[in-house]
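Below you will find one chain, with nothing else, as structure tokens; this is the form predicted alone, and questions on how it binds or moves follow later.
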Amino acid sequence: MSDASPLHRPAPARPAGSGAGEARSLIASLAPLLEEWLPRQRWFAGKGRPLTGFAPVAVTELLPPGRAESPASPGLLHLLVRARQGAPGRPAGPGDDCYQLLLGAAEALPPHLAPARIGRPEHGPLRGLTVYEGLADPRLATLLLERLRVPGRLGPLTFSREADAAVPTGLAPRLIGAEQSNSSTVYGERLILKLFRRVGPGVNPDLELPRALARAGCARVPAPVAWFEAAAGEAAADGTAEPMTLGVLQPYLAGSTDGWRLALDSLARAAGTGFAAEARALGAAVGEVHLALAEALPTVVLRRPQLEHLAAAMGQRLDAAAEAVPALRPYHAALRETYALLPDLGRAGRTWRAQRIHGDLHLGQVLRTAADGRWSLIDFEGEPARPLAERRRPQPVARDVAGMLRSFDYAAAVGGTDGGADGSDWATSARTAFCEGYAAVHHDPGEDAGLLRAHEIDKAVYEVLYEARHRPDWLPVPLAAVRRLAAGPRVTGAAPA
């Protein structure tokens, strides 16, 4: 790499000096390639809006390409860039999404890395080299694991490891290709590194909550082994600049299957086999995690004013979804009525507890180990589309319960086929069993039937908007739930409100 190569230098919000200039030069040279490549990535959040430019937040050279002892060896660049979308000419700023990129750079790519190719810059520090997705290269993925093994700093990046945790050597990396909002690499079937793609200031809940659960002695969630962060490029309104969580290394639960796959397998079998036993055990596991989170982290009390705020936020999301999806409009008034009843739950001084929760709980976020049938919860990031501050806010546990109930309905709609289990009966049985399992260790969700129904509606409305934008063929699934919920309360396993 030429002398203009940006070595470990963060680019401040208002770049100044040679370091910032080098970072701008690099990003400018990569911009034509990123404008074409970035929208094709499953984790890119700005689909449907044109990219009009990029601004560097931080540029760190983890490994220079073409070292003297091995001229053909690849290099690895770590980039944090803001992607500008919308009107051309506007400079990228704090309001634009910030993405984490790991770019390999080599003179030529071997055939097995051809699908990872991004392109060859026509100018700038990487001119003459092929740039590609670095995580796809086992050599570079191994380098990242080596960085996590030894705590320390490299420019704006800070690598940390739990004091009593060990990171073995010689673990072969395997990139997982099924994720949408992040990227994960499994090392030797023993560890898994989740790399957050869309990042911002503040501790990511997928690091914060598993660490808190580990301190509380909860074994239902894999405890973080190591992680890395970056100094924020801009200060918040109060003058602080929280670091950005970039990646978390955790134990890999080999021999486990996610709940979605298990549910579909159950539905594919003859009617009558059901999923009740698994759902009941899962409900107990979720209840255990909720109890541990309430013990490990602060909770707040929900009274009538807080319920009014909750109802107003749900109503705003419903209004926005109905504006975007005409098929939702016939049910708008009935759903609004359910939200309007929420503040009345606080009459006579009754209160609820809000606490940290999973935030995006569904069958794809739980794993069952074949050897002992034990359920574990993963992916505590929350809904990636929501702001980080919102995802870190205490919320009623009813939101997680509602998310899992909606997931049972989704599985029944997708997997209920001729010759297999009846989807409606399967979902009813699974929902009931889950609530029973949860009640055995926590409390009966039916005691908060009105709150639970409001959260289930809120989740179904979110699903309607998501499916309309990304998977129109799936839109009938959440619309069926909206139709049912608009007609009247349904809290399986408990008396209606």
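Residue indices: 1-based, along the sequence shown. Nothing here was measured: the structure is a model prediction, and the numbers come from that model.
Omitted from view is the form predicted in complex with a small molecule, to which the following refers.
None of 365, 338, 204, 100 but one reaches within 4.5 angstroms of the small molecule in the predicted complex through a heavy atom, and that residue is 365. A heavy atom within 4.5 Å of the small molecule in the predicted complex is found for one listed residue only; from 375, 410, 159, 352, this is 410.
Checking 427-435, 465-473, 51-59, 29-37 against the small molecule in the predicted complex, the stretch whose residues place heavy atoms within 4.5 Å of it is 465-473. In the predicted complex, the small molecule sits within 4.5 Å of a heavy atom belonging to residue 42. In the predicted complex, at least one heavy atom of residue 459 sits within 4.5 Å of the small molecule. Though the partner is left out of this view, residue 379 does reach within 4.5 Å of the small molecule in the predicted complex, counting heavy atoms only. For the chain shown alone, residue 181 is a contact residue for the small molecule in the predicted complex, at least one non-hydrogen atom being within 4.5 angstroms. No residue of the trio 22, 125 and 132 has any heavy atom within 4.5 Å of the small molecule in the predicted complex.
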